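The chain below stands alone and is given in structure tokens; this is the form predicted on its own.
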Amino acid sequence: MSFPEDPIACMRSLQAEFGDLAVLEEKGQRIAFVFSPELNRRVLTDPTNFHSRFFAVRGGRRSAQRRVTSGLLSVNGSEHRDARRIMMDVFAKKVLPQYHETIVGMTSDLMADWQTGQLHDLNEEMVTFMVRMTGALLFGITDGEYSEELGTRIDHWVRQNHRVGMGALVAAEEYTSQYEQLLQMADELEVSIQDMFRRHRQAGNSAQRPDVLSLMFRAQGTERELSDEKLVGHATLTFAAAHLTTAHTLSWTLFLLAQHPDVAARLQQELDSCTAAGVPDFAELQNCTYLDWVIKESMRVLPASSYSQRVAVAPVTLGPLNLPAGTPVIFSQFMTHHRGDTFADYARFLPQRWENAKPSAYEYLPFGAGSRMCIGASLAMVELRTILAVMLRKWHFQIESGATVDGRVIATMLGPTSSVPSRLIAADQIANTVPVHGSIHDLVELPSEARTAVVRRAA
């Protein structure tokens, strides 16, 4: 039970005692952990022996749970290859500029009522914002309240999946007893997704609309196997994978910039020089090198997707271990990104490291790696790059001194579990590093001025 209670603490303990390959076993249930780039490569480049199980509980063959979990993240073999081939066009780089106007418009709308000195909770603000943004980009939903309602329903279902799925791994009654509730949530979610499909089609103009669902509907014209039943799974899992990871990355990045004034000042200088006085256009943002370093470093030190898993589908050898079929294998972005042999001063937020850093795909993998690398990675980077540029051209964020900032892994995702209180200051001002309390200090090494609070509390 130590793993679901605190995945990072458990994995750190396992690595410290056993090295880069470890196994937990209890009551006949076994979980393997890999912590090195080479073992990541071994697992992620062998889709024949190691299958993706984004959700451990798929439900009966005719259940809504089976249908809403049958998306790109959870299918394997030829089914995965065919689905990825179809979806590649939906997320192709050539369509990314189409999303720019929507991202800029929604970010500007978010800031319309902001005023100097206002107190904002970065965590709550970014989660709500990204539910609406993801609803617009993926589904073309312009009704913010409807987008929040649907996004919340998907989010609650995802969390329930991971709770019940953890029960499948550790055979704990408190998890497995919630199985019936999960099936009911899946029934309700499927009805909501189908209703969203109807609304979208009734609105018309899908041939001109710049959203992922419109592209999926268009693909149905050439791909017979892309039925609405399969689209339900693709749409649900795409939303589930997109909104919280991007929201948490934005929250962590804005927090880290606020606590590192030297980084914020250099980034502001670049944004002022490489973008126009007004709203930055898509082409301009491709030239913001330091902005990309900031985002990459934020995703390295505090990766929103902190771990994932594969399942051995046949007896397989992994290092010195013989794993029986059905053994879950955990690989961790957080643990891999915090290796001193790959990243010097790995616990510190140092965007300048990316001037020379050239990690392999299995040393740095915020979007996964191999044949199952996140298909929406390019769109996610466009979102992050554009949102941050638009925000930071107008506003900076000053973290409240003495605030408690906690972070924890929930359902594989590392995000704030507390508020992240900050006040708005004008873009021509740079925030000061302030002392903060909380578990954030267990996750990243902040400047000494921020750690003062920890020293005083210990004293």
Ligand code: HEM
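Because the structure is predicted, anything quoted here is derived from the model rather than measured. Heads up: residue numbers just count along the shown sequence, starting at 1.
Keep in mind the form predicted together with ligand HEM is missing from the figure; the text below concerns it.
By the criterion of a heavy atom within 4.5 Å, Leu73 is counted among the residues contacting ligand HEM in the predicted bound form. Contact check for Arg339: every heavy atom lies farther than 4.5 Å from ligand HEM in the predicted bound form. In the predicted bound form, ligand HEM lies farther than 4.5 Å from every heavy atom of Pro359. Ligand HEM is not shown here, and in the predicted bound form it never comes within 4.5 Å of any heavy atom of Gln259. Among Ala242, Ile193, Ala312, Ala264, the residue placing a heavy atom within 4.5 Å of ligand HEM in the predicted bound form is Ala242. None of Thr275, Asn161, Thr102, Ser305 but one reaches within 4.5 angstroms of ligand HEM in the predicted bound form through a heavy atom, and that residue is Ser305. Heavy atoms within 4.5 Å of ligand HEM in the predicted bound form belong, among the stretches 153-161, 111-119, 362-370, 283-291, to residues of 362-370. Shown here without ligand HEM, the chain has Leu72, Leu73, His80, Arg84, Phe91 in 61-92 lying with a heavy atom within 4.5 Å of that partner in the predicted bound form.
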